[in-house]
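What follows is a single chain, given as C-alpha cells, in the form predicted on its own.
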C-alpha cells in the first residue's frame, strides 16, 4: 500500500511537472542594444512582463546593428528566427516582400499617438513595424572654444570648414597640434553610415525617388570631397577612427566638433562630466548643392514581429507592454537617455520625461535635438514619403560601401572612383540599370 502511494505521488508530480512545462510559453527578443544600461533596462522590462504574464518566459538575445540583417536572414532561412526584434525600418520592405513579417496594425492603433510618417512604407500597404524611438544625429560642438575663437555654430559647409581649421591648434606651444577642429568616423563599417547625413546635406543621395542608384552623382561626390578636405582638421589616423573613437575624442577634449547621436551625452557624463555645460548641438550644416536648410539624420528604431513565431499574439502583447507609460519612461530615461528620443506624441512635452535627472541635466541639448529632428529630420527609408525602397537595407549593410569609402580616406582612390565603385556594385547586386 505504501509503495502504491509512492507511485501515485510520483505520477502526480510528473503530471504536474508536464502541465507546468506545457503551460510555459517562450518568446525570443533580439536587440542590437548591447550597452550595459540598455541590457539592464531590457531585463527590468522583461521581468515586469513575466510577472504580469505567469507562465511566460522572454529570452533576450543580441546582434550588433551592422549584423542584424545578415543574422536575421540566416536565422529566417534556417527556421531559427526570434519572435520579435528591435530593428531599423530600412530592413522592413524586403522582409515584407519575402513574407517574413506579421502585420502590426492592431498594436499601432492601440498605442494611438505615433505619427504614421514614422512607419516604413512597404508593398503590402500595411503596418509591419511599430516605431519605438528616434535618434537625432547632430553636430556637437564646444561652445566655450567657439566663443573664445569668435566663432558662431556653422550653418553651411564654408562656415563649417573654416571653424574646423580655426579650432585646430597647438595649445601649449610645443609645435604639435593638440586640439583638432573635428573628429570624423573613417573606419569600416560605420564610415559609410556616418557620411550619409553629409551627402544629404549637399543634396546628394543613395537612391532617387524612382529607386534608381544615384550614389555616384555630382552632389554626392562633392560632399565626399568636402569630407576629404575636413580630414586635414581631424586627429591623426582618420581612416582607422571608429564610431566610438569619435565620441572619446570629443568627450576628452581632443576635438572641438563631432557628428554624433545623443549617446554622446552619456559618454560625456561617463568620461568627462565637467564638459557638460560647455557642449551645444546644432543640425548638420548644408552644402552648396543643398536646399539652404540644415539636416538631421533622424534614425528610427522599431519593433518587428516575425510570422514564423508560434506566439505572435504574445509578442504583440510584449511590444504594447514595452511601449506603455511606465516601461517607456524607463526605456527613454535609463537605457540610453538623450539618445533614444520619444516618438509617441504624448511624450514630446511630458513633464515626467524632462524632469528625470538624466534628461534634465541635458535638457537644452535634448530639446534642440528633438525639435531639429522633427523640423529637419530625414532617414534612409523616409527620403521620399510613400516610396517603397526594398534595396536600401541591403545597400547600407553591403561591406563594399564602407570599404570603398575607407579607401578614399586612405588616399588610395578618388571620391568619384569610390562612389562609382559602390554604385556599380549595387546596380549589379540589385539588377538595376
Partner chain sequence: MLLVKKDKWIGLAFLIPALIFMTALIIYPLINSVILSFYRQLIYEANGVYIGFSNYAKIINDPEFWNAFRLSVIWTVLTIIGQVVIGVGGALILNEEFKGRGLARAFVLLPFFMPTVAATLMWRWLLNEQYGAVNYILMSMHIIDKPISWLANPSLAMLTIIFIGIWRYFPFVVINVLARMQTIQQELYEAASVDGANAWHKFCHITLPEIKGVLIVVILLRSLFMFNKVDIILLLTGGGPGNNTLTLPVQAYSYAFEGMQIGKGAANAILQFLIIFVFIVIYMKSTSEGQKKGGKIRD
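Bear in mind that the values here come from a model prediction, so they are computed numbers and not experimental data. Positions refer to the first chain, counted from 1.
Although not depicted, the form predicted in complex with its partner chain is the subject of the following passage.
- Query: Can residue 403 be called a contact residue for its partner chain in the predicted complex at 4.5 Å between heavy atoms?
  - Reply: Close contact exists here: in the predicted complex, residue 403 approaches its partner chain to within 4.5 Å, heavy atoms only.
- residue 399: touches its partner chain in the predicted complex, heavy atom cutoff 4.5 angstroms: Output for residue 399 is yes: heavy atoms within 4.5 Å of its partner chain.
- Query: Hey, in the predicted complex, is residue 429 touching its partner chain, heavy atoms inside 4.5 Å?
  - Reply: Heavy-atom contact with its partner chain at 4.5 Å: present for residue 429.
- Is there any non-hydrogen atom of residue 311 lying within 4.5 Å of its partner chain in the predicted complex? No, residue 311 is distant from the partner.
- Query: With its partner chain left out of view, which of 355, 77, 307, 293 would have a heavy atom within 4.5 Å of it in the predicted complex?
  - Reply: Selected option: 77.
- Query: Among the candidate residues 273, 103, 237, 288, which is the single one with a non-hydrogen atom no more than 4.5 Å from its partner chain in the predicted complex?
  - Reply: None of the others qualify; the residue that does is 237.
- Query: Where does its partner chain sit in the predicted complex: which of 219-227, 325-333, 89-97, 338-346, heavy atoms within 4.5 Å?
  - Reply: Correct option: 89-97.
- Item | Heavy atom of each of 176, 242 and 245 within 4.5 Å of its partner chain in the predicted complex | Yes: 176, 242 and 245 each sit within 4.5 Å of its partner chain in the predicted complex.
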